[in-house]
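Take a look at this single chain in structure tokens; it is the form predicted on its own.
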Amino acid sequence: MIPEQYLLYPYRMRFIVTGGMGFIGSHFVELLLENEHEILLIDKMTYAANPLNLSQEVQNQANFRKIDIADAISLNECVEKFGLVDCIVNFAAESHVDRSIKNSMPFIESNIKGTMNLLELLRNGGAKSMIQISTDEVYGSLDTGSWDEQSNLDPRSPYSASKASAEMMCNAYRNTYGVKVIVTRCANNFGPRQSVEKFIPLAITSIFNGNQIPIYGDGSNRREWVHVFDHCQAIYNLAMAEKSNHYIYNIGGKEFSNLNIAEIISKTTNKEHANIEFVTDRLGHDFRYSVNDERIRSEFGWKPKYDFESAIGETIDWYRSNPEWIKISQKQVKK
């Protein structure tokens, strides 16, 4: 259930939400339904999705269709039946850096080709606008300071390169065809329903199982973390706005080292110290991400409502209360 303070907008719109059975997308679908919007939910149902993320009732309400956005024919047929929408929100993506290092081709298909198919829908009048969900990883890595939206892009993994490529196509369509498309670059998300192959759920489930928490290198790599509810609210503000002053928006969070995160999670689960296994570092591992999100704060009045140290306890409790979800997620990531 989406927190009450996020139920802000009374008027109804029609959305296509891709990747809506995944972590962030499923929370965004719930936010839209709580605000009585109409949805066409599209998801390929890869390892990143979980059939328990949304109840069958919610899936029915959201008109769920199992479709690969890289399949233009199936996508166009489905959207044509649903009819004109106000906004496409594209969460659909291959998103795990390690997987992209092992095999980048699925990332090209979903993150680039899939985005192109959605842009064609937009160009051909199937939607009035589109929001492309990107990542702060397109900026590369930095030692000090923070990136703003004018900073140069320097993607350093196949995953981030595919997301940067999708952004470039969004910009090209915006300039060439005059379509309305906004790009968001968000910090790392945390919260309920995140795949167990991601760092925070992996740390939590490792503790539950009495295993060591695997951490790359020496654990000094730094990331910003934002709660998934806060991220969804930022996107919702952009989707509901009659106009925006810019077409790219950073969405930031609070910065921690990976080692800090492991210690906080361990203490929150009543472990005095984190039981850590330092593993061989990831190839080309970016050291630090940090974004300046003053633009979305000043223009839309958005700011995070969830503090990491307090919200991580609720996240841990959710995983503790959902063992069946964890089993499915663990099975999914082995695909």
Ligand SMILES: NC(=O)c1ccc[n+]([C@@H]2O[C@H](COP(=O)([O-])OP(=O)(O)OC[C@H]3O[C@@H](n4cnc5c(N)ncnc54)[C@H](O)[C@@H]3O)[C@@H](O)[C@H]2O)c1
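Just so it is clear, the structure is predicted and the values come from calculations on it, not from any experiment. Throughout, we count residues from 1 along the sequence that is shown.
Same protein, other form: the form predicted together with this ligand, not shown, and the subject of what follows.
The partner is absent here, but in the predicted bound form a heavy atom of 49, alone among 32, 49, 54, 62, sits within 4.5 Å of this ligand. When you look in the predicted bound form, the only residue of 88, 138, 92, 119 with a non-hydrogen atom within 4.5 Å of this ligand is 92. Stretch-level contact check against this ligand in the predicted bound form with heavy atoms at 4.5 Å: of 138-146, 67-75, 238-246, 211-219, the positive one is 67-75.
Residue contact check for residue 16: none of its heavy atoms lie within 4.5 Å of this ligand in the predicted bound form.
Contact check for residue 288: no non-hydrogen atom falls within 4.5 Å of this ligand in the predicted bound form. Looking at residue 233, you'd find every heavy atom of it more than 4.5 angstroms from this ligand in the predicted bound form.
Among residues of the shown chain, residue 186 is one whose heavy atoms approach this ligand to within 4.5 Å in the predicted bound form.
Contact annotation for 151-180: residues with any non-hydrogen atom within 4.5 angstroms of this ligand in the predicted bound form are 159, 163, listed in sequence order.
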